[in-house]
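Just one chain is shown here, as structure tokens, and it is the form predicted alone.
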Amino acid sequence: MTTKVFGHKAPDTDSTGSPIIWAWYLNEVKGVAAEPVLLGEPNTEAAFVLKHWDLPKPAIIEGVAEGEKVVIVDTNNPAELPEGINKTDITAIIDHHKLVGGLETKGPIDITIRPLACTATIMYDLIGGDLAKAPRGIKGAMLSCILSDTLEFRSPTTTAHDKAVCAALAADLGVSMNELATAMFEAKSDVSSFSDAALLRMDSKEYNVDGTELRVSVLETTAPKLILDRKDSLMASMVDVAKEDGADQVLLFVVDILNEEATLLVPNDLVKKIAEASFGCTVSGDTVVLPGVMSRKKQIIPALKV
């Protein structure tokens, strides 16, 4: 049976690249038949990375079958995975997020969760010397994943090890980290073709905070004005997106990569209350700037209060 390797819904660069990396490792090194798949269309940055490194886009799947062998990467949250995930045969989990709970396995499995900025960094360590056998595209995907998740080392999730792995990969590939990251961020910032609802779901995760169901969306960009110019229609669309997705509220943080700050859209009194309670700010309009806030995992989710 072929093992499916996948990350979370609304796949970003790490959840697109890491399944490709690990499926290569299983197939070519471990002799285990594996296939990388996606739980949705990759975002614009991830699509750029696939094209840049000449990697075929993995198939997009709608669900998983009972008893199917799977490896889960870049998440351990059942809310970000297909319905029926606990009826599959989960053989491994590789992740860098906090342990959420709720996943069930048929027996003991390999679980690797480490406090690093990117799943691909963990995979670099797990693959070890066998990475020398990897084709250029696999190493390129690994480098791209880490540059993306660290926002080229601007994110507070960045560790010295993430930086060292990037430096080693860039030297091996003979590429400039800055040039690659700049091209990736430009691709990520081009959101002109996306509807408001698509933008709100593009990089979005579901969390229950003090009994309130929140869809916490983050848009990382080098051109925040392109998104903030659409704030009125984005806030109007939040009502339908929340209703369709079973959430009480959508929170949208527009992360300015270059200025290292986030702007939170404030469509109503609930979001104003959340913003002031969570970030110690004073909200006087329909947006609030949060200096230094770059990471949903490390700075946004742990701070949220309702």
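We number the residues from 1 along the sequence you see. No experiment lies behind these values; they were computed from the predicted model shown.
The form predicted in complex with a further copy of the same chain exists for this protein as well; it is not shown, and the discussion that follows is about that form.
Residue heavy atoms within 4.5 Å of a further copy of the same chain in the model of the complex occur in exactly one stretch of 228-236, 95-103, 188-196, 146-154, and that stretch is 95-103. When a further copy of the same chain is considered in the model of the complex, only one residue from 164, 79, 113, 175 comes within 4.5 Å through any heavy atom, namely 113. Here is the short version: of 109, 183, 168, 223, the single residue with a heavy atom within 4.5 Å of a further copy of the same chain in the model of the complex is 109. In the model of the complex, no residue of 46-76 lies within 4.5 Å of a further copy of the same chain by any heavy atom.
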